[in-house]
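In the block that follows, a single chain appears as structure tokens, in the form predicted alone.
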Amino acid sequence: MRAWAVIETGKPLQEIELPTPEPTGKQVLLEITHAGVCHSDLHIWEGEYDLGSRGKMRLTDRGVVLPLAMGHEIVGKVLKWGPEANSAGLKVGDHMIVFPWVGCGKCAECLADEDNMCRVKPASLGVYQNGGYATHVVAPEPRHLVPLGGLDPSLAATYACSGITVFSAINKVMPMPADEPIVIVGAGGLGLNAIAVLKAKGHKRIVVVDVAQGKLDAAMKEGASDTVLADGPDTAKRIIEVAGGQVGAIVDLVNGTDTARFAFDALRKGGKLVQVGLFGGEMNIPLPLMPIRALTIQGSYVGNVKELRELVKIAQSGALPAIPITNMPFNQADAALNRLKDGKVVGRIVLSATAA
């Protein structure tokens, strides 16, 4: 198989040939048709996370081995499966969304379809093993495959990360009255999918914060009720003004030092901040305010396969608005990654086997 892989961190992706895997056990081999380019791929490509005063966390410390075909937003067609796979409902040629956040497959979390919380051996596609920037991928089990149905495969690919990540994070602040503001920090692919999910849930007050006016314009077009340009030290004040007071729920899809600070400052008593992004840095908070204001700060790590199934069902019903998609061919994966790094992407770039 061909792969467009990280050979050396921070260096251009290279096209390489790898043996096409032969599925064993419960595995399913798929030919990849679409793969989303996610912001977290940048961190893997760069090889580290910023931990603020604690320095850098290297990806090698997490068990990432190069060369690596990144990509965890994957849609592909079933080719074959191993002898232990439950093949009920599987047919060669089936177009599937691939759940990438897999684990050991044996622990309590994995057996409960909560593989993303595996504490034994995380094995995420595109992180710990080859993923979507390639011609083929192996899903560990048929339960990690969700039928595409009539969905646009380019859009559906984003549901495997961007979609379930915001779906899971939003579920952590729900239920809330439809007219009460929920603040979304970041208007990239995640942010636009967050707007889509909130609209599908019937929410009306969606306040989006970003540093780029062009992305805020896209957020308004996708259905945000209000936007805030985060271009100075008074962002928290502007969020409060736009929202009509301090807010009860903020989902930070950037999660950097600056966004964490203004998000915390904009919370009302009893408010919740859900931190999703991996931009990096650290958060310093005045500890007495946590109990005095009864605040909650919670991390949210991607989502589980149950949430992917639920989200896809909503999308297939027609209730989930589409986000802007730009298709590029697989052999331009490096260019796509650099466009994302330079902040030149509205919505999502999806690599496609049929893109010109």
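Don't overthink the numbering: it's just position in the shown sequence, from 1. None of the values given here were measured: they were computed from a predicted structure.
Although it is not shown, the form predicted in complex with a small molecule is what the next lines describe.
Annotated contact segment (heavy atom within 4.5 Å of the small molecule in the model of the complex): 277-285, selected among 237-245, 91-99, 136-144, 277-285.
In the model of the complex, the small molecule sits within 4.5 Å of a heavy atom belonging to H43. In the model of the complex, the small molecule sits within 4.5 Å of a heavy atom of V185. Heavy atoms of D210 reach within 4.5 Å of the small molecule in the model of the complex, making it an interface residue. The small molecule in the model of the complex is not approached by T158, whose heavy atoms all lie more than 4.5 angstroms from it. Not one of D113, V251 and L308 places a heavy atom within 4.5 Å of the small molecule in the model of the complex. For the residues T33, S300, N304, Q27, the 4.5 Å heavy atom test against the small molecule in the model of the complex is passed only by S300. The partner is absent here, but in the model of the complex a heavy atom of G189, alone among G76, G126, P181, G189, sits within 4.5 Å of the small molecule.
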